[in-house]
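Consider the single chain below, provided in structure tokens and representing the form predicted alone.
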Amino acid sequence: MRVDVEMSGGSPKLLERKQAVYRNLDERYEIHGEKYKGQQYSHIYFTRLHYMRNLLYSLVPKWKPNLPVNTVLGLEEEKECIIVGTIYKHMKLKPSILDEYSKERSKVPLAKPHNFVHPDDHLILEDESGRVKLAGSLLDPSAFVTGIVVALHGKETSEGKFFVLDMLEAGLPPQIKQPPSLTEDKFVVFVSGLSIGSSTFNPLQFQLLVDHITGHLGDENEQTFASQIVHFIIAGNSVQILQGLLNGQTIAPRDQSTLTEPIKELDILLNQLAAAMPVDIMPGPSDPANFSLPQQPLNRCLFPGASAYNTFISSTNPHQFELDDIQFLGTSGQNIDDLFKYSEAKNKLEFMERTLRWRHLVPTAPNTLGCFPFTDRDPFLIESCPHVYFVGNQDKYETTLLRGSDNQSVRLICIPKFCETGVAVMLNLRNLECHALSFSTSLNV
């Protein structure tokens, strides 16, 4: 993988692209032998509760050493204790199929808010023995969602509620020690929301990005910089297929070309990228992949050009991998977008931080976000803290460095939709600093 640079004397100078050791860790998100046989989603909740309860039990002696740990069924009135269970959030505005039926029968359509939080929402804690409504001002229902597992210190009231005095979350998981700082700069580029085939996609804008990072634009300094890019990540929503064509009916020949054209155009762009550097492509909600999480890799036959290169990797969503012993974990954005619908935070980075502290990548699945009905495991549990945690298809670029109580250090990155912002994100493996790459074809800059 070389980049040609024209020297002042006329003779080209060859720049060798830097390399990074890559290890794919997507195996836990791959569905191989598992088949749907009518199993219910209770299995995944039991698995989650069992794992998280054992984890929280190990933390309780240091947190509240002199308090007994009870089940919900074993609560006694006015006796302080600790209970561990799964949060259920009762939401007044949560959509239901009955509401959808009512809309069809009603002449006045119901409003469809982007956020379903309501002041009357309340929390319930449940385990295998039963459930109890939570009381007190310590827990703000707007900050929680159904599916997270916590330990609560409190007492049962005469009304049969559990008055919460304190709460313990699992906190950031243990982190593999970050390797010693690299002596040279190596960059990873993130992009998401290309939406090829939509009205907002600008082919020239993305071609500028491709030409820039492959070393076909700029002077010697910029091409030297491009040679330091060791990996390219596409975090979902690469194509936008007209939903009107996917109505279950036979597709007319002229509509077939409309259907396949965005994928062909994507393959041409991936072909250019894979010829220059390793490329990972993750599926997203609008891509031709399964809807429920974990989304399986896009079929390589969709990309006959890019698939000819061993640098082209079709990965799962979520996607987990290592580059030079730096651990990466990311999604195409569904987990954070769903948290935004059913809870509140000051920004998307706070939602990301919460998933790490709850040690669960997709806490709202399967309640409000579709996922495969696993029977013996919950692949979304975060057992090891990543060094870089990214989510795609967000409204704007945001980043921060999160530090944990046990010296964990995590770079959080919100990757904006490229078709709307023209922004990609570059991360330096040497120090985990990142910045935005902005491209525009407008003359009014």
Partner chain sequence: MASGDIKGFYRQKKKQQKGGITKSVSASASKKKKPSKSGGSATLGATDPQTPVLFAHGAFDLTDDYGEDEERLRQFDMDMRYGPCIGLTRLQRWERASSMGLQPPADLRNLLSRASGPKSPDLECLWEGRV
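As the structure is a computational prediction, the values presented were derived from the model and not from experiment. Numbering follows the first chain given and starts at 1.
The protein also exists as the form predicted in complex with the partner chain; that form is not presented, and the subsequent description refers to it.
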Among S142, T71, S292, T260, just one has a heavy atom within 4.5 Å of the partner chain in the predicted complex, namely T71
The partner chain in the predicted complex has a heavy atom of only one listed residue within 4.5 Å, and of S409, T400, S42, S384 that residue is S42
Only one of 400 to 408, 23 to 31, 374 to 382, 415 to 423 has residues with a heavy atom within 4.5 Å of the partner chain in the predicted complex, and that stretch is 374 to 382
Every residue in K79, Y88 and E156 with a non-hydrogen atom within 4.5 Å of the partner chain in the predicted complex? no
(message) My question is simply whether H50 lines the interface with the partner chain in the predicted complex - judged by any non-hydrogen atom within 4.5 Å.
(response) yes
Open item on the list: Residue-level contact is defined here as any heavy atom of the residue lying within 4.5 Å of the partner chain in the predicted complex; does D211 satisfy this criterion?
Closed with: no
So, in the predicted complex, is W63 in contact with the partner chain at a 4.5 angstroms heavy atom limit? no
task = With heavy atoms only and a cut-off of 4.5 Å, decide whether E128 touches the partner chain in the predicted complex.
result = yes
